[in-house]
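In structure tokens, the next block holds one chain alone, the form predicted alone.
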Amino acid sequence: MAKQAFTGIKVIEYANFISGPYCARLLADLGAEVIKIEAPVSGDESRKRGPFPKDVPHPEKSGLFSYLNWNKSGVTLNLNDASGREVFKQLIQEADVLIEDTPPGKDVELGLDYATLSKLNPRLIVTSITPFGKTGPYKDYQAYPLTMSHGSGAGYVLPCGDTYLAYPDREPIKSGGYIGEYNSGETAVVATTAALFWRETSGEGQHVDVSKREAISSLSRYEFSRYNQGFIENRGSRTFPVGGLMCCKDGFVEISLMSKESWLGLIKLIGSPAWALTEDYSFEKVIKGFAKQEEVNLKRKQEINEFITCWMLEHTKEEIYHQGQACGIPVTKVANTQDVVESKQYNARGYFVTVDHPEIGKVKYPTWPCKFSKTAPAIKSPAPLLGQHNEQVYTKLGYAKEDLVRLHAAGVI
């Protein structure tokens, strides 16, 4: 197989759940050798999370774990044990990168802090991913994905974009899935890549300290800049003059009417009704005029959306999507998972691939959202079973099989 971007880079992953494992898997997709360390018996937290086939929980059948951990070798190791820490030090001496998510203070206790590890391996890059970062007054605070999302400010700045459902005075809403965890992992992989580039120039490793809260907050840069202008975003502050999220025959569509061309395209789409051809409904009055939140404008805004909705309810989201695009309108159907997985566009670009796992079977997963002409990502192996590569990895360090039996009996591996 052709060399990839990170061929020859060795990564040790001592991280749990999503952010750290996702960071390591992205490196593995591009050729890095990744050894994932899990706690003996219990393993990674994501093994307990679904989806599971037929909704029957099983530590080797988690769809989440499978997605986050392909292309890795998997070992078990107890770093709370002195013998386990000695084995870990041997792994570190041969590594280029350590990805870890131990809480501040606990890393020093386990000997995972950069000051300790850099003495063993001065070229080592340690990427730490924690809720608040390793410094600051909140560094020891506890957090979960939901509290991270809301603490970052994301809950109040998620735009609703809908005339009827904005509810600007309602409570904030949660972002979908584990978006903050994945974004933290992506932030970490970019930072780790930069550190690897620096090492090629300087020969020195470094500590990369990733704060999940700051990574999630970075998704709201625009909203923070508006605060500096004296404006605080809320759920309803970015609703469209007209259009936005609208009901149709079989679901919802999202329409953005921010230009004269898109407004004229919408009029064409809905059959050029007589009301839309009058001066009162010109682009200047409909779109530009609604920037002024005057009572007459707001009343017209509601009236126009009612006209448009009457037409929408007679058409499917697929019809509106394709016909609207043909009229030059930035419009999309609000897709569910089936819409995405069966999309001609996604499948034409090979976004989904089938991975054959020994316990789960063949499952289709999303992959990379970008294409490489030279160093393409690849899935070379499914996610490891718990401790699957213990013998393979540890015998390379010089341990005999009888040593592994002893370490297993002692709860070290």
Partner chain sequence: MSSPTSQVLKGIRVIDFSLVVAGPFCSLLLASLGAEVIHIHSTKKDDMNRVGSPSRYNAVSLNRLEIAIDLKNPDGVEIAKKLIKTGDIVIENRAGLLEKLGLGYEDLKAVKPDIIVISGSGFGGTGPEKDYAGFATNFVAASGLSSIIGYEGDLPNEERGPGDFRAGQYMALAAMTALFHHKRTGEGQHVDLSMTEVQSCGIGDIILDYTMNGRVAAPQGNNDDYMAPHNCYRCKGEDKWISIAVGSDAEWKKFCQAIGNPAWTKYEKFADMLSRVKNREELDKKVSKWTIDREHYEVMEILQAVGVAAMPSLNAAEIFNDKQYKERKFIGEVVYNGEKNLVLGIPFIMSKTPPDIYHASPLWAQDTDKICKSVLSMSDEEIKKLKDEKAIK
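Here the structure is a predicted model, which means the values were calculated and not measured. Residue numbers count along the first chain shown, from 1.
Heads up, the form predicted together with its partner chain isn't pictured, but that's what we're talking about next.
Residues in which of 308-316, 338-346, 270-278, 87-95 have heavy atoms within 4.5 Å of its partner chain in the predicted bound form?
Partner-contacting stretch among the options: 338-346.
Does I232 make contact with its partner chain in the predicted bound form, using a 4.5 Å heavy atom cut-off?
It does: once its partner chain is placed as it appears in the predicted bound form, I232 has a heavy atom within 4.5 Å of it.
Though only this chain appears here, would L110 touch its partner chain in the predicted bound form if you measure heavy atom gaps against 4.5 Å?
Output for L110 is no: heavy atoms all beyond 4.5 Å of its partner chain.
Given that its partner chain is not shown alongside this chain, does L120 nevertheless sit within 4.5 Å of it in the predicted bound form, heavy atom to heavy atom?
Although its partner chain is absent here, L120 would stay clear of it in the predicted bound form, with no heavy atoms inside 4.5 Å.
Does E223 reach its partner chain in the predicted bound form if we count a contact as any heavy atom within 4.5 Å?
Flag for E223 set to yes.
Could you tell me which one of Q206, T102, S73, N78 places a heavy atom within 4.5 Å of its partner chain in the predicted bound form?
Flagged contact: Q206.
Would you mind picking the one in L386, L30, I35, A39 that has a heavy atom within 4.5 Å of its partner chain in the predicted bound form?
The residue from L386, L30, I35, A39 that makes the contact is L30.
Interface residues of 177-206 toward its partner chain, as seen in the predicted bound form [heavy atoms, 4.5 Å]
Stretch hits, in order: G177, Y178, I179, Y182, N183, E186, T187, V189, V190, A191, T193, A194, A195, L196, F197, W198, E200, T201, E204, G205, Q206.
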